[in-house]
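Single chain ahead, by itself, as structure tokens, in the form predicted on its own.
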Amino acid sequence: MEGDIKSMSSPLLKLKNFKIKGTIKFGEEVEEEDWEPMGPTPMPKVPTLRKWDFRLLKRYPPFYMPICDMCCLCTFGKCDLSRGKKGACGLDIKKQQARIVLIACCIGAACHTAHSRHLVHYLIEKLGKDYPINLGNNIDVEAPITRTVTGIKPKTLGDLEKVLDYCEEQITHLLSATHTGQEGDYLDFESKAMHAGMIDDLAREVGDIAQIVGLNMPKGDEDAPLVDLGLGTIDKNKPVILCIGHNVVPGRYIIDYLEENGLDDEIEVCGICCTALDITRYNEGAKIVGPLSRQLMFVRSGVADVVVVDEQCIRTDILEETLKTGAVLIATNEKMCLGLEDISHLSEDEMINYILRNRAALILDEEKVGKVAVELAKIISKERKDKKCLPDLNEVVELAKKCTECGWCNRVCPNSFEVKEAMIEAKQGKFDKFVELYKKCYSCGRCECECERNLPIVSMTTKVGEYFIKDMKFKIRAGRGPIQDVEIRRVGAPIVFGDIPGVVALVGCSNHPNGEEEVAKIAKEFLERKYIVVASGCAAMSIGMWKDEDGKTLYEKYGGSFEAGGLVNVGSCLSNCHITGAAIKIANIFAKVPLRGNFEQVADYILNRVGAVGIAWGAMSQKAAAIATGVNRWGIPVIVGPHAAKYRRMYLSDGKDFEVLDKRTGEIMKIEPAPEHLIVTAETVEECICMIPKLCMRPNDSPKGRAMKIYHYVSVYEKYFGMMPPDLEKFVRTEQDIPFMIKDKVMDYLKEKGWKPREKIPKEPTIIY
């Protein structure tokens, strides 16, 4: 058969067991494909999945809380949108807020797509377009998102280029819809935001697969090695190279140069944010300083001799902060040039001399960064041997005495930490409150910017923390990448029927409301309850920066398999895709749902059967907003922390009965509200923990599985709030759903609420009808 994409959506192709073999034409490309019949929506355009989105948005209507009622995006305004007024273009505040969310999701999707394009382009240049995508014998479904969204089964790096072509085209259309005088309906803005999120998911999968196969990173290794994490693991007596950002390529060449020249034990290579995670996936000898929240503290500490930055989540004042310490900086990516001279055309020795004279430069030839960074570190470390970057404790006291106690530091702190109180105590030579501040603070520096005395509050906090907290050494399991097919076969049925109570995914940026402890506390709670806990990016690092009463991190106590009670670090932000990918694989490997160009059926399966929930507990970048909105489109709910509420849009149901079609009987019936919301805010970690078991409930739960989920819902609620969940009656369908161990008290509660069992429970629930 030959034809264009549009013709392939013929109803004939949707017939059960209808198989096609032959030639399928994508634009000008022609491929032989016979691995699976093509589904109805390969390479979906912006409106292709609109009907699916509207189904979700009908059940989970957007809830907006605009923080600003002005629009300043064009010079027809600025426009006051308060009290029901419209702007010069006709948009009201509701549509404007939906437009802002779409813009954020487009930024996030563009960021990941550009990152992946860079990786694929680089690897094709080095390895060729025909370099095979082989994730090992345990992974046949190598790219579940790509298969489902595009209908392509990528076999080579060259195939990944086609997927990125598609992503870039879609982002262009989506972003253009935010221009003045384009989209004018809030639901359509939301549908487009979901499309952007799905594209973001797809682009991340492409990027991570490319770097896994091209750089030989772990391929779903359940026993990925434990690697060093934390400021205390860095040997300050050696020259130190610090890599910050998300793109592993410059760090790869630094590692290679060290190995080729036998310098592995003489130079410290460490990283912050996702570059750190990916360097340790490339070489377990590298070290992770921590998530992006430790960026300013670590740079201010002056430990790094050479700072190498690539892209994303880097402080934009990194050049200024680096130069203050006497270190040098190398920028390596076109997206972050920092006003520096491009010296890529020079020889490596010329580059070294240039940077010694000018202290910073832009080098876009990443291969040269390896030698330049290492040789500079050897020179600069001697030069900075006696360099003092932080005030000593006596100076901290004297600086604190200059504090006027105006309290603006407390007021501008995003978490309202007691900075002023730490200053007042330090005036007397006491540092307990500063130590507590160090444990929780993510060094955004807003307190410093507001201080009328220009006190270096972050430097003071860093010094106190370094002096009093000696045990900053942790272990984290290196990012393992995808979930193996064999693991999915083991857990598919228990997850779908509820015997494994859920999959809890801790993702997103750090900057948690109360430091690393809270995200680790969430992970520990559900590991002990035999949920599957997965993590990526800064959240994965934050979990590792907390130790229990035995002095061990959760990675040291729990295995890395995708199984009940397993703690799975999939890797960096790009690797987030493997979490969604696992849910898709459950639909495909366990339930035999075809993937190829079959988004709606797969997402419908996940929404109704796969008890997974994402948690983004810290502040969220635009990338995190795109990730959350993308997983929502797949039918996975997300809980966000108080910072994430600042995007001012949630997807909330009214908590009343939902309506589904039971495919088994053909009957439309009312069911419990499961999952109750698609994206919702929790104000406290306790509230978040109590939401998780509830949002893992699915209409397809067996009575045994639902009983287990209700047991956890009741027990966490009693543990943290000392009472029964106030909405429990919504989720108990029949007496069979009530756990035997707590049956009496649950029945007493239900009696008070006037609960009645449901007469019918769907056997095959779907919202596609």
Partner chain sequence: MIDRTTPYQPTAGTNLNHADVVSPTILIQMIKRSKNPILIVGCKLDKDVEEILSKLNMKKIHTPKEMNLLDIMKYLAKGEHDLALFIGITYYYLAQALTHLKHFSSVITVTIDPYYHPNACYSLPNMEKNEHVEVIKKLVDAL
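Positions refer to the first chain, counted from 1. Here the structure is a predicted model, which is why all the values come from computation and not from measurement.
Quick note: we don't show the form predicted together with the partner chain, though the next part is all about it.
Among residues of the shown chain, His643 is one whose heavy atoms approach the partner chain to within 4.5 Å in the model of the complex. Though the partner is left out of this view, Lys387 does not reach within 4.5 Å of the partner chain in the model of the complex, counting heavy atoms only.
Taking the partner from elsewhere, Asp69 is found to have a heavy atom lying within 4.5 Å of the partner chain in the model of the complex. In the model of the complex, the partner chain stays beyond 4.5 Å of every heavy atom belonging to Pro703.
Of the candidate stretches 114 to 122, 318 to 326, 674 to 682, 185 to 193, only 674 to 682 has residues with heavy atoms within 4.5 Å of the partner chain in the model of the complex. Proximity to the partner chain in the model of the complex, defined as a heavy atom within 4.5 Å, singles out one entry of Pro37, Pro47, Pro61, Pro40, which is Pro61. Only one of Glu425, Glu687, Asp365, Glu169 comes within 4.5 Å of the partner chain in the model of the complex through a heavy atom, and that residue is Glu687. Scanning 405 to 439 for heavy atoms within 4.5 Å of the partner chain in the model of the complex gives Trp408, Asn410, Arg411, Val412, Cys413, Pro414, Asn415, Ser416 in sequence order.
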